[in-house]
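Only one chain is given next, in structure tokens, and it is the form predicted on its own.
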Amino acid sequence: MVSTRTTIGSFQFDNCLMNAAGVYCMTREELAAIDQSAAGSFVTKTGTLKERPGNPEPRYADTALGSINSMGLPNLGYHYYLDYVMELQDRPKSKNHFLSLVGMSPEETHTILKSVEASDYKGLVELNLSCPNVPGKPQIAYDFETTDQILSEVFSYFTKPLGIKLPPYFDIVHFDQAAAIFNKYPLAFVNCVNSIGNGLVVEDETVLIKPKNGFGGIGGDYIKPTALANVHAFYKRLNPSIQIIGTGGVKTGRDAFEHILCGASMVQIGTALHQEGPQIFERITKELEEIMTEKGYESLEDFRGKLNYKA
């Protein structure tokens, strides 16, 4: 028998697969569908201080190799998601969950996190430092000084298990610089990666989405090599106590296997989940188990991070 069980910090999960924040997680009904699927967990929609309608539609489009979106953080407000995960955690045999959060300013971020800190929530928090689709707002995690400052302030009061959602980095020196900052703090995990920001897809001389004149985050097949590179780069650089969630281009068991091989402890699915629905978790789990059986691996730890390099 093979097992896809995994852990993040002190939290155990029966399956390493879950949704990516932003996909199939807007409402309680969508989150319940993920919770009742073969997924090992869910992460909520990234909750802001107040409810947001997001960017004008059309703001998402499927493409030949994945997707493009400029959602603009539509969500029902962090209290909606906090209340739901707290409700679930009190149920017998509840799965462990992730609460995704971000403020539209550092002050809002601290207001939200202090509220969560004061609550009875016992699960994991994912602080989104990487949303690429809010007009006029840069991605925080590309500003290392601001990232360091925010994490320093957050961990001066926040004691619950917290990780961060990251944008993709493209330069080796940026992996080094980012890891040096992250290693200063008691992060439970980093999530690599959010969509590649500000892509442009053209069809019949026209852009596919309305916001930002068609510029949006790219997901799906396009980003898997970048996602794998980020997962492995941080796996090699981060303290062993900081685990990695791999996100980007996962639509088969082989894709999930490669994320784990590069160092991921859990794997999130975004574009393919949007296209296929929650039943995707059963299919990809089965495909991953078949690969593990074929290779003689009984657990994820038998191959996690054990990427081979050519001589």
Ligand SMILES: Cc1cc2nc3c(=O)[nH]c(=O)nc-3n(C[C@H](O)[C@H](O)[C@H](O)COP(=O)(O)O)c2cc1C
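Sequential numbering from 1, following the sequence displayed. It should be emphasised that the depicted structure is a prediction, and the values quoted were computed from it without experimental measurement.
The form predicted together with the ligand is left out here; the points below concern that form.
**Q** So, 6, 97 and 162: all three within 4.5 Å of the ligand in the predicted bound form by heavy atoms, or not?
**A** Answer is no for this spot.
**Q** Looking at 88-96, 213-221, 200-208, 143-151, which stretch has residues with any non-hydrogen atom within 4.5 Å of the ligand in the predicted bound form?
**A** One stretch meets the cut-off, namely 213-221.
**Q** Might residue 231 be said to contact the ligand in the predicted bound form, defining contact as any heavy atom within 4.5 Å?
**A** Taking the distances in the predicted bound form, the answer for residue 231 is no, it never comes within 4.5 Å of the ligand.
**Q** Could you confirm whether residue 39 comes within 4.5 Å of the ligand in the predicted bound form, counting heavy atoms only?
**A** Although the ligand is absent here, residue 39 would stay clear of it in the predicted bound form, with no heavy atoms inside 4.5 Å.
**Q** Is residue 269 near the ligand? Define near as a heavy atom within 4.5 Å, in the predicted bound form.
**A** Yes - in the predicted bound form, heavy atoms of residue 269 and the ligand come within 4.5 Å of each other.
**Q** Is the gap between residue 60 and the ligand in the predicted bound form 4.5 Å or less for some heavy atom pair?
**A** Residue-level check for residue 60: yes, a contact with the ligand.
**Q** State the residue from 288, 17, 20, 300 whose non-hydrogen atoms include one within 4.5 Å of the ligand in the predicted bound form.
**A** Partner contact (heavy atom, 4.5 Å) among the options: 20.
**Q** Could you run down 169-198 and flag each residue that has a heavy atom within 4.5 Å of the ligand in the predicted bound form?
**A** Residues within 4.5 Å: 193, 194, 195.
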